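Form predicted on its own, single chain, as C-alpha cells, below.
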C-alpha cells in the first residue's frame, strides 16, 4: 500500500493507493522531490479501486481528494495518469491565494514566458522543446500559478503531458525521459515527459512574467508572429482561468497587473524548429 508525502512545489501532497502503477509513476517522475515529515498537507489524495460489480468484470480507479470524489472512475490501467489529471484539477480549484490559469510557464534569466493552453495549439510539445533544446527552466506545463501580491509566477514543476504524435517527437529530444504510454484514453494515447532536474532543484524560485505568447500549430508551410492587444489577451486568458472569478477583485487586478508587464504575441508555425525560432525572435533569448 503506497502512502507517501511529497513536496510538489509549492504544495505538500499526500498520496495513498494500492495500485502498483501509481507507485511506479511516482518513483519515475517524482523521485527527486523532497519527502517531508510532519509537514502540513495541502492535498490528501487517494487512488482507490472502483466499487460495485465493476471491480470484478471491469476494474476501475477512483480519485479522491480530502475524501471527496470529484470525478467518475476510469479504467484501472489509467490510474497513474488519473493522478496527474486529478492533481491538475485539485490545484486549479483548491489553491488558496493564487490565481491559476491553463498555461505552460518557463523561465530564463529570471524572466518568464507564458504559453496559454488552447486545445491543439502544440503548447506541451513547444514547452518540452524549450526545456530540452533551448535551456529554459520549466515552472509548469499545465498551470500558471500567479501570486497576486508579488506578481510573480510560482513554480510547479511536474511531468509534461504529451499525447499522440507529440510523444515520439519529444522522445527524440536529448535527455528526455518518457514514461509509460496509455492507450485509448479520452485524449487518445498519452504519456508524460519527466521535468529536468534543474526544474526540481530551483522549484522554490519564482519568475517575473515577461512574455505572453499564444502558440498555434498549423501543419502547413510558413510561419508568422503577430502582436496581440492587451484587451484581447485579457479576454483569452480569462477563458483559461480556473479561479479568477472566485478570487474576485484580487484576481481581476492580478491579471491586469500581469498583462501590464508582458509583451503579448501570437505565433503560428508548422514545425517545432519554426516555433523555437519564433520564440527566440519574440524574447531575444537564444
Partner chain sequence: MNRASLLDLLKHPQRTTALSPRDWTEFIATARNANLLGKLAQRLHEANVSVPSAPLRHLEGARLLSERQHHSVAWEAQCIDASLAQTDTPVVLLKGAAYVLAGKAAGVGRLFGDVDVLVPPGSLGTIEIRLMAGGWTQMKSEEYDQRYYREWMHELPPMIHVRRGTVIDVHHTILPLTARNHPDAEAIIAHSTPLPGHRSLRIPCDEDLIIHSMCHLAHEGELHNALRDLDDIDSLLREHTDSPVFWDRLGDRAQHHDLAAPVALCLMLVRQFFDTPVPESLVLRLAGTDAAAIRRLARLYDAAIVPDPEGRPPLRSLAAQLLIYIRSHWLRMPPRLLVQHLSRKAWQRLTLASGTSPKNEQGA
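Numbering follows the first chain given and starts at 1. Nothing here was measured: the structure is a model prediction, and the numbers come from that model.
What comes next is about the form predicted together with its partner chain, which is not displayed.
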*One residue of 239, 66, 27, 221 in contact with its partner chain, assessed in the predicted bound form (non-hydrogen atom, 4.5 angstroms)*: 66
_By the heavy atom within 4.5 Å rule, which residue out of 183, 72, 149, 197 makes contact with its partner chain in the predicted bound form?_
72
*Have a look at 172-180, 205-213, 89-97, 134-142 and name the one stretch with heavy atoms inside 4.5 Å of its partner chain in the predicted bound form.*
89-97
_Considering non-hydrogen atoms and a 4.5 Å limit, does its partner chain approach residue 58 in the predicted bound form?_
yes
*At the 4.5 Å heavy atom threshold, is residue 233 in contact with its partner chain in the predicted bound form?*
no
*For residue 228, is any heavy atom within 4.5 Å of its partner chain in the predicted bound form, or not?*
no
*asked:* Is residue 10 part of the interface with its partner chain in the predicted bound form - any heavy atom within 4.5 Å?
replied: yes
*In sequence order, which positions of 27-42 have a non-hydrogen atom within 4.5 Å of its partner chain in the predicted bound form?*
38, 39, 40, 41, 42
